[in-house]
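What follows is one chain in structure tokens, specifically the form predicted on its own.
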Amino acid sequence: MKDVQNSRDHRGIEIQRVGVKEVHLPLRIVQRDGGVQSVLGNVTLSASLPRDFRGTHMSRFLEVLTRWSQEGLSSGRMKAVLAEVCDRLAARRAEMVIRFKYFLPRTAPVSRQVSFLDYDCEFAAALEGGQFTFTLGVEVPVTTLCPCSREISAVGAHNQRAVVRVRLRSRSGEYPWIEDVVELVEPRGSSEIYPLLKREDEKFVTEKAYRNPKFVEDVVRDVVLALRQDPRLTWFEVEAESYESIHNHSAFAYFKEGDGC
């Protein structure tokens, strides 16, 4: 059978990325405690296409993903996936992005009832010439309460749900866990978010936020200071976005630091 996509191309253009996206697969994510969590992953997998080839073998991306989907995925396993892609497709570079929801137990502050909160996470990895880069992304929901509103109001202050988006890179072999990022970020809001709250819990978190007012600028600066204390990190970016309760727009602040800024 004639292999058209493997035929020679004469236009002399190497394509930086060619591959598959919106691939939905059951995946297993390695947890900090050594266990694994089953998630639904949204995967983009690509490779560079040498100038001599007309097209790539799209089916090979799915073959690789399917075979690796039930392995416990971590930064090391992603490096192995990309090495296989480069080898099978004669590619100089391969990249993969996995987006998924990750669940952690949350214990209500007073009633101590346990529920599960979902965090939007991303693993992004690239391999080129033996050089591997891995970026961890985690979105952490928090509550923010406006310092200005509290200062000028005789009663109360507006508060709202916000999200802190952190993406970071670290030294080879010293990769932070999703749990590490969540534990670092959550205390930097006015209050944490909980899926399940009884009346006594609601009173506690409402009063905690009132005693701890934060602008999005405050949240970003506090997260940055905490990230700077982690010697493993070589690069990070932080964005806080507040879904304002008294406006029909959001407020945000953003900061980036480290190698490649």
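One rule holds for the numbers: they count along the sequence shown, beginning at 1. Since the structure is predicted, the reported quantities are computational estimates derived from the model, not experimental observations.
Unshown form predicted together with another copy of the chain; subsequent notes refer to it.
Novice: Which one, 108, 124, 146, 89, lies within 4.5 Å of another copy of the chain in the predicted bound form by heavy atoms?
Specialist: Selected residue: 146.
Novice: Determine which one of 130 to 138, 79 to 87, 116 to 124, 169 to 177 lies within 4.5 Å of another copy of the chain in the predicted bound form, judging by heavy atom distances; exactly one does.
Specialist: In the other structure, the partner sits against 116 to 124.
Novice: Given that the partner is absent here, does residue 51 sit within 4.5 Å of another copy of the chain in the predicted bound form, heavy atoms only?
Specialist: Although another copy of the chain is absent here, residue 51 would touch it in the predicted bound form, with heavy atoms inside 4.5 Å.
Novice: Does another copy of the chain get within 4.5 angstroms of any non-hydrogen atom of residue 159 in the predicted bound form?
Specialist: Residue 159: contacts another copy of the chain in the predicted bound form.
Novice: Do residue 235 and another copy of the chain come within 4.5 Å of each other in the predicted bound form, heavy atoms counted?
Specialist: The answer is no: residue 235 has no heavy atom within 4.5 Å of another copy of the chain.
Novice: Is there a heavy atom of residue 93 no more than 4.5 Å from a heavy atom of another copy of the chain in the predicted bound form?
Specialist: Answer no; every heavy atom of residue 93 is more than 4.5 Å from another copy of the chain in the predicted bound form.
Novice: What residues of 83 to 102, in sequence order, lie within 4.5 Å of another copy of the chain in the predicted bound form by heavy atom?
Specialist: Heavy-atom contacts within 4.5 Å come from 101 alone.
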